[in-house]
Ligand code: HEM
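Below sits a lone chain in structure tokens, taken as the form predicted alone.
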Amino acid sequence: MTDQPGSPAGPSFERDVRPMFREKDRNSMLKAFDLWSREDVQAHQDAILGKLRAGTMPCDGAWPPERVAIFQRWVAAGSLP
């Protein structure tokens, strides 16, 4: 991930967010939505962020705070592609 905190554009889905979701994570959520689809993740971003903050997503262990922060910055910056 190459998130540039000082970048005016902020994190992007393809470069920064999507790579954080493993194939295992995607497969476990496909019945609800696709974690590799920006449109799907954007549509569910508030719920995903809440679960990431609570440490209940992914189901096999919480993300480190740095990863949660990247996702949160992506949402705050307007969920850029």
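Residue numbers here begin at 1 and follow the sequence given. Everything numeric here is computed off the predicted structure, so don't read it as measured data.
Beyond the structure shown, there is the form predicted in complex with the named molecule, which is absent from this document and is the topic of what follows.
Relative to the named molecule in the model of the complex, residues R15, R73 and A76 are all farther than 4.5 Å at every heavy atom. Shown alone here, P58 lies within 4.5 Å of the named molecule in the model of the complex, counting heavy atoms only.
Using a 4.5 Å cutoff between non-hydrogen atoms, S28 counts as a contact of the named molecule in the model of the complex. Mapping the unseen interface onto this chain, R53 falls outside it, with no heavy atom inside 4.5 Å of the named molecule in the model of the complex. Contact between A47 and the named molecule in the model of the complex is found at the 4.5 Å heavy atom cutoff. Residues from 24-38 that approach the named molecule in the model of the complex with a non-hydrogen atom closer than or equal to 4.5 Å are K24, D25, S28, M29, A32, F33, L35, in the order they occur in the chain.
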